[in-house]
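Just the one chain here, laid out as structure tokens, in the form predicted alone.
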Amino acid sequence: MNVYDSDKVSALLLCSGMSKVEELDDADVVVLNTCHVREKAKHKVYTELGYLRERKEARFAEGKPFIIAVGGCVAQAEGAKMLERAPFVDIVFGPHTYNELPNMIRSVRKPTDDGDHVALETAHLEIFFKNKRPRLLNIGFSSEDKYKSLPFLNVEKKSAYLAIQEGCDKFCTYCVVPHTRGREVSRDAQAIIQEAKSMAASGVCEITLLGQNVNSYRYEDVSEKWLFADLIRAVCEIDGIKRVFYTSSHPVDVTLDLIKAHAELPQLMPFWHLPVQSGSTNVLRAMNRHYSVDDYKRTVDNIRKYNPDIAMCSDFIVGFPGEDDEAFEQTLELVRYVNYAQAFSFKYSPRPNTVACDLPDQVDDSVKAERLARLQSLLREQQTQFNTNCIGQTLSVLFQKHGKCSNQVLGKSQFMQSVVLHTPNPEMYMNSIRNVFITGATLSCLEGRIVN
């Protein structure tokens, strides 16, 4: 979602008359788009801001402008605190106010002489001053569809992200998303389809549908009702769209129609990111996840009933408050039951304004680290085995990047694996989908040769 938002912000600034620069020293404006899901991400923001402060002081000494804007979820959560902690920051704006960024930048660059107001019309804008220099805080939750004013630029990319839903109503006790992204909102289905058609017309052949809880998508107007599976079928019917992924889904919102769509639509890739978070029903209950371990197992079994070869991916949180040794062992048991192709796993990180911060039986960090190491060892073993099982198979690969060596081109399989092709002419395969016979595999990537 942050990559998608960053691309949209970049397109918005380009359409407003700005241009990109390759070097920081040449920039008049720097925008940081931030994530607040884990504490480490927040620390990275302030570390980066410390470096940007030095650049700003150097630019000012040369009489050159240097505007620092911080957007995204850390900006939303920190708000005025960020302006206090980092007084050299000019603009702090949340995920719902990206569309107003060009006007905010213009207002900061050309403040009024008396410094007592800024000519910017928005109901949720706060203005701070430092030496008559305006500093803007814009973290409101707009009722308007921000995507209507976020442009799509024709770019030479074969793969693109497409946001269809934002926010979440699940209120998991560890999660800050409802506080930073707001309540669940689904975009107009026809607007999504039109954006997907624009992408296809520009040459995009792979689309990843995005949402904090993507499969809860539901849009209804006076004439029609759309659920997630309906939207996927419509996107797959667009000429030129050959591959469709989506992330991140919630187990509660998995429907039979969605499961069948994977079996019936060749454009819908056989990869399912279905975060479980824990293998203990008691921990899941404390997380407010609305399902049991048995519920999750039945869902996975049903997915594989219709799609035996599908690659399962998940998220895990270890060391959640109240997780004892037995609960953690249950997580390992679930991992062995499902046998994941990929997974993301993290130590529990307390987030502000979440219920889990105040739960009893907080787990010591050393215990979290030990459990995470054991879990990741098992997950790496499964991922390596899944990749090894691909040796001798022919996979569909979209090539889009150059490798570290001049004779390498990198791609992505239908199972979201990285694939390396060694060839004397990498450009021949760039931005194309090819059949690749897999000859080698490691934990992180596959190798192969082109099959005509």
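Predicted model only: the values in this text are computed from it and were never measured. Residues carry their position along the shown sequence, with the first being 1.
There is another form of this protein, the form predicted in complex with ligand 5AD, and it is not shown here; the text below is about that form.
Residue-level contacts in the predicted complex: of 91, 317, 164, 204, one residue has a heavy atom within 4.5 Å of ligand 5AD, and it is 317. The partner is absent here; in the predicted complex, the one residue of 198, 349, 159, 342 having a heavy atom within 4.5 Å of ligand 5AD is 349. Annotated contact segment (heavy atom within 4.5 Å of ligand 5AD in the predicted complex): 270 to 278, selected among 325 to 333, 221 to 229, 372 to 380, 270 to 278.
Not displayed here, ligand 5AD is kept clear of residue 69 by more than 4.5 Å at the level of heavy atoms in the predicted complex. A residue is said to contact a partner when one of its heavy atoms sits within 4.5 Å of a partner heavy atom; residue 52 fails this definition for ligand 5AD in the predicted complex, lying far away. Taking non-hydrogen atoms only, residue 37 approaches ligand 5AD to within 4.5 angstroms in the predicted complex. Contact check for residue 174: a non-hydrogen atom falls within 4.5 Å of ligand 5AD in the predicted complex.
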